[in-house]
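Single chain ahead, by itself, as structure tokens, in the form predicted alone.
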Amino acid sequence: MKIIVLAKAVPEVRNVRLALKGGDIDRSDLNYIINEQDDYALEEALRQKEKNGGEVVVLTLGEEAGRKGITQMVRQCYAKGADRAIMALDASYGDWDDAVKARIASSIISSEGADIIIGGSQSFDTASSRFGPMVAELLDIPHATLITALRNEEGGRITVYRDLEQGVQEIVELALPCLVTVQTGINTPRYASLNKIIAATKKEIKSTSLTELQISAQQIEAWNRVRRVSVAFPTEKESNTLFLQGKPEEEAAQLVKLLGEKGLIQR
């Protein structure tokens, strides 16, 4: 069984700073980690591999400027047990909407082939949950989202469980190949041992480009329907705090006077 994991490198929140002059996030010192829900997807893929054999391939898209951090994320996946990884990085990634990303991912998956494509139900940084279903639609394969359990069946099928509202659980059977997105809690992601972390630094990461995928700038422009036109931060407000000083009775008298001047109390 071949499983492709859709993994996204996201910045650690504690390292994110706003560069107000540039009107965007300062990415110079960002540390990248695997998107939390994608970590659960990776763990589920590894468990399926351990039960049924096969191969786990990590696929990630990202910004060229973040290559170092994205590479670090991929090596974390290697350390946990992924067999191969493919990175598709481009300088214009930040301007792409999910439709562009899904078309690029589906192009790579089409050339790779897979029994199951699995990813997180949404990304931590943009909170988008469209990417997985878009990829499935472009590949013309069945998909299910927000799953909490996955079971292999005979005859090239899987059964997945989805928790809906008010305690309702939906059970869906999908024919392979298919795509699923998982919720947190479907499993407990493993930690990598030190030996595996060291070994992961020596593994090759395949990197591809739009040129190699035969995707032109004109195609990207045609696919890209959502564009960021500006970024605006809230204006800083001047502090209007007044500290009263003196003995308690003096502070009380000052407070009464101020409230009276503002018309908030009447004598």
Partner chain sequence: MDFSLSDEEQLFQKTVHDFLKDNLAPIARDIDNDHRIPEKLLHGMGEIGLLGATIPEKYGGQGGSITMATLGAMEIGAADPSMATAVYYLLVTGWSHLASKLGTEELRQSLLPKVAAGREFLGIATTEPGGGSDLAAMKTNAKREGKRLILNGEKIYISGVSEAKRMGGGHLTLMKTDPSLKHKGLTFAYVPINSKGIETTVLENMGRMGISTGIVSYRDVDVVKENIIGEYNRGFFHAMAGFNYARTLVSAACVGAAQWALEVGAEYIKRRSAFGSTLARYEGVSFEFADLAVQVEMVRNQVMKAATLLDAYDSGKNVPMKDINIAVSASKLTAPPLALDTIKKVMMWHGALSYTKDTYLEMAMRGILSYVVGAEGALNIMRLVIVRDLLGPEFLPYR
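Given the structure is predicted, the values throughout are model-derived calculations rather than measurements. Positions refer to the first chain, counted from 1.
There is also a form predicted in complex with its partner chain; it is not shown, and the following applies to it.
Visitor: Test of understanding: in the predicted bound form, would residue 68 fall inside 4.5 Å of its partner chain by heavy atoms?
Guide: Residue 68: yes, in contact with its partner chain in the predicted bound form.
Visitor: Flag residue 33 as yes or no: does it have a non-hydrogen atom within 4.5 angstroms of any non-hydrogen atom of its partner chain in the predicted bound form?
Guide: Residue 33 belongs to the contact set for its partner chain.
Visitor: Report whether the minimum heavy atom distance between residue 84 and its partner chain in the predicted bound form is within 4.5 Å.
Guide: Looking in the predicted bound form, residue contacts with its partner chain do not include residue 84, since no heavy atom lies within 4.5 Å.
Visitor: Within a 4.5 Å heavy atom cut-off, is residue 201 in contact with its partner chain in the predicted bound form?
Guide: Result yes; residue 201 sits at the interface with its partner chain in the predicted bound form.
Visitor: Are there residues in 192 to 217 with a heavy atom within 4.5 Å of its partner chain in the predicted bound form, and which are they, in order?
Guide: The stretch 192 to 217, when checked against its partner chain in the predicted bound form, contributes 192, 193, 194, 195, 197, 198, 201 at the 4.5 Å heavy-atom cut-off.
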